[in-house]
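Heads up, the chain below is alone and in the form predicted on its own; it's given as structure tokens.
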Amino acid sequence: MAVPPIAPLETQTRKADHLRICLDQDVQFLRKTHGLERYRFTHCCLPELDRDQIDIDTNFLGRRLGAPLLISSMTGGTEQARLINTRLATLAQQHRLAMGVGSQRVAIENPELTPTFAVRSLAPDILLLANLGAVQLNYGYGLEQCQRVIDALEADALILHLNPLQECVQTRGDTNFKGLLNKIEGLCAQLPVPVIAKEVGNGISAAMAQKLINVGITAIDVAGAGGTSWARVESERANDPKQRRLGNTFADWGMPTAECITTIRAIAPVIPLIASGGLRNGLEVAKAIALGADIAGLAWPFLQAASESEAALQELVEALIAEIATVLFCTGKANLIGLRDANTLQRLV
């Protein structure tokens, strides 16, 4: 199917708006949290460990990571985005972190913007994830476009992001989600790389996760509620009073990240699982892993630091790594696998 006529400038402008709003406005969830504050670790006062020998390396999708961290999908398509992606990729290579880019739809519409995403030369060894909206499969996109973004990025996997609420609030959003599961199944069968299903901040339920697994999805990024509210982001962009109201009404919609992790892990013990949605520090990363996630994705903290300076990024990642290692040390665990031990993490009443 041919891709229908599109407005590349509109998509590029939207990308710039998203960056500006996320950096300059408070668009976090108003009342709902990620749910991780309801858990605490059991403190070990005598770890019998040398903290310098604690190992926070892990494997994910066949790659060895220096820490259980994913620089979550954020941006691309503008000059500011190019600078941010360059800084993030350099950091990811240095610390062996996984990295996703923002939706590459804008580069399909305007190939001249592809270089704003192209970071493989800066990060030849990292787990690098391409990204397209799953709903675009109902708007003319298919195997060809998915392969194009994978090739352009030299990506190891493709994220298909699921964002029905964002599309409802977004001005002229794409809201035909009918029949997407079958199309996702076709892509999973034909693409040469793993396909990851990701929400954008409203969560994936266990029932939906099972359907996605059944059609061939390799990994799931829960992207639960509790962090950036894309309903609020799109409400800030909207000129139509109805769309602004819609975004405010649904500002706190979604399933908390902790709930997504535990319910999905209960029905899918081995699916590679990414925890994201409101995580801000290494303690929260460790809680997510103890609940069953394999790695944790952070977007807003990396975006804030990357927009400031390379030094701010270094400071952030060093702090995250120190926080994760401190959790291991103070729970008496030598590696991340130990966090899954019974009684390590307790749910508060």
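A residue's number is simply how far along the shown sequence it sits, counting from 1. Since we're looking at a predicted model, the values are computed, not measured.
Below, we turn to the form predicted in complex with a small molecule, even though it does not appear here.
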Original post:
For the chain shown here without its partner, which stretch in 41-49, 59-67, 292-300, 306-314 has non-hydrogen atoms within 4.5 angstroms of the small molecule in the predicted complex?
Top reply: 292-300
Original post:
Looking in the predicted complex, is the small molecule within 4.5 Å of a heavy atom from each of Cys22, Gly102 and His161?
Top reply: yes
Original post:
Taking 4.5 angstroms as the cut-off for heavy atoms, does Asn131 touch the small molecule in the predicted complex?
Top reply: yes
Original post:
Counting only non-hydrogen atoms and a 4.5 angstroms cut-off, does Lys15 reach the small molecule in the predicted complex?
Top reply: yes
Original post:
Taking heavy atoms and a 4.5 Å cut-off, does Leu113 contact the small molecule in the predicted complex?
Top reply: no
Original post:
Contact between Ala152 and the small molecule in the predicted complex at 4.5 Å, heavy atoms?
Top reply: no
